[in-house]
Structure formats: C-alpha cells, structure tokens
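The data below hold one chain only, encoded as structure tokens and taken in the form predicted on its own.
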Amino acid sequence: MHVLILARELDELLELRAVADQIGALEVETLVPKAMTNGEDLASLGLRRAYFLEGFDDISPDGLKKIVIDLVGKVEPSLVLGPSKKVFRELFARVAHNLASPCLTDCTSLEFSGGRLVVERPFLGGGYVERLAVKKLPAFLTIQMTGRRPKIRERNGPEKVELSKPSSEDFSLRRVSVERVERGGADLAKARIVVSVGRGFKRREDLKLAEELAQLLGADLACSRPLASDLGWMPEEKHVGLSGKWISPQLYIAIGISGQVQHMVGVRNSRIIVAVNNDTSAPIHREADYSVPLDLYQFIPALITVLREKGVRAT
C-alpha cells in the first residue's frame, strides 16, 4: 500500500502517518509547507519522500488542484490522505473529479477487509455510521482528527523535493484580497476540559458566565453551531459538531445546548458529558453522563460560587 499524505500542520501529518500505520502502508510520502521540512520530526516518521511547496498553507484549493493532480500522476499512490478540514475537502473533491477517482470525507476509520479497503464515516447527519468498500484506487480520503500518534522509528530523514509554486494562469478564480482571521486560545482538539455554550444564552454578554467558569476549571470555551454561524457570537473555530470541530476531552460541559445529533457527533468521544439545560426533554439529557435540568442563569453562578469557596482559582 502506497500512501500520499497532504498536511498543512505537523499535528495533521503525525496523525495521518498513524492512520497509514494502521492500514499497513509500506511506502509513505507527503506534501507539506516548506517550513515543515526543516523540523526534526520528519526524520522519525519513516517517510520515503517529502515534497514541499513555498506558500502551500496559503494557496487556495483551486491553485493547488493542478499541483496535486501532477503529483498523484508522478507518485501513483493507492491512497491520498488529508485532514478533514474545509480546504482539503474542497481540494480532494476537485482533484478526484478530474481523475475520476473516489473521494470520501470525514472518515473515522480505515481497514482492509476481504482484500478491500473499508471506510467508516458518519451518515444521515451523524445519527448512523456507514461502512463503504472502496472499489477503485487511487482514493482520496479526508480523516477526522482524534489525536492518533504514529509509531516511533529510527531517525532517517526523507528525500526532500521542492515543487514549483503555481502561476496565476493555473487559477480559474482570481484572488482579490486575503484577510487573516485572528485566532486565539488552544486547539479544541487537544483540550482536556471544554465548556460549551448554546442557544440557551439569551444575550452575547451573558457568555461571560461561561467564560468565568471555563477560567476556573482551566477549560477551553466552545459553542454549538448557531452561536458561531447564525449569531456570530463566537468564532467559527470554536464551533463543535458535525460541520465543526470533533473533540474528545476528558470532560465536556454543555450549557444551554439542546444536543441535536449534528452537535453530538462532534463530542461523542468525550469521556464525561455534563448537560446543563432546564428543558428536561432536550436530547442532550439522553446523551449526558450527568444531567442538570436547571436554569443556567441560576446554576452557573451557584457553581462558580462553590468552586471559589473550595479554593479554586482562575487559571
């Protein structure tokens, strides 16, 4: 099995290398930003070759399409793996369409069964898991990031090959401007404790209650889709759920969240789920390990008071 990995960050590369290990890949190559090829971590991943591209992490899927098509034709991999993020879902769809190859997104597991690659991924809004047999190779798969880590190998760095940056003629779209979004806080995928907020909060200013609780617990703050996509109260990178981040903290505290299946898909790997919602019929109570059917405006201040009385201080 020959695997080509595309990644823009080291954590993505490490996890996708672990996925390649799980399916018994014999030969692994990667395409990464130029800055990543200078790190020591690449030397212990058992990679045959590392292709790098100046500005790879800033080039749009439209600009990357021809580069990836050419690279796949040269490398001839059986599988092309990327993290399940918007840019790779779009890129893989474009490339797979041009090559008439299968493209599967948001995959949670891969295995060989009966001589075929079998992929699992969420189905019907995350309420079910579908198992799909991949009949044609190469296949393009985006993988959900859950913190996997690869086997430790002897330090033997890969051959490094620089690719040419695409020219403006390779783009069917013309970039007018680029504005970077300010991102703050830790990566939710790595958080041990997450306090998450939903439509139960009546005003944006009321989120300070959850922020104070998160500080006391040393937790990261997250939200359900409406607070990010509809109301704009929190940035998109804080949205957890089917179309947002998939997380697996030790403790997940959901405050004012109804717990529809699209949200629960993103948090079902949490070790402990605590639900604070005064609607006793809310679906989240069926999913939670601990349910608190109380008004969040009464319960959260009371919890903060108890934590302070116990000597807990904001971290």
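Just so you know, these numbers come straight off a predicted model, no measurement behind them. Counting begins at 1, following the sequence as shown.
One more form of this protein, predicted in complex with a small molecule, exists but is not displayed; see below.
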- The one residue among 77, 82, 122, 241 placing a heavy atom within 4.5 Å of the small molecule in the predicted bound form is 241
- Message: Going by heavy atom distances of 4.5 angstroms or less, which of 37, 269, 260, 44 would be at the interface with the small molecule in the predicted bound form?
- Response: 260
- Query: Going by heavy atoms within 4.5 Å, which of 94-102, 67-75, 141-149, 199-207 lines up against the small molecule in the predicted bound form?
  - Reply: 199-207
- Task: Report whether the minimum heavy atom distance between residue 253 and the small molecule in the predicted bound form is within 4.5 Å.
- Result: no
- According to a 4.5 angstroms non-hydrogen atom cut-off, is residue 235 in contact with the small molecule in the predicted bound form? no
- Tell me, yes or no, whether residue 226 is in contact with the small molecule in the predicted bound form, where a contact means a heavy atom of each within 4.5 Å. yes
- Message: Under a 4.5 Å heavy atom criterion, is residue 54 part of the interface with the small molecule in the predicted bound form?
- Response: no
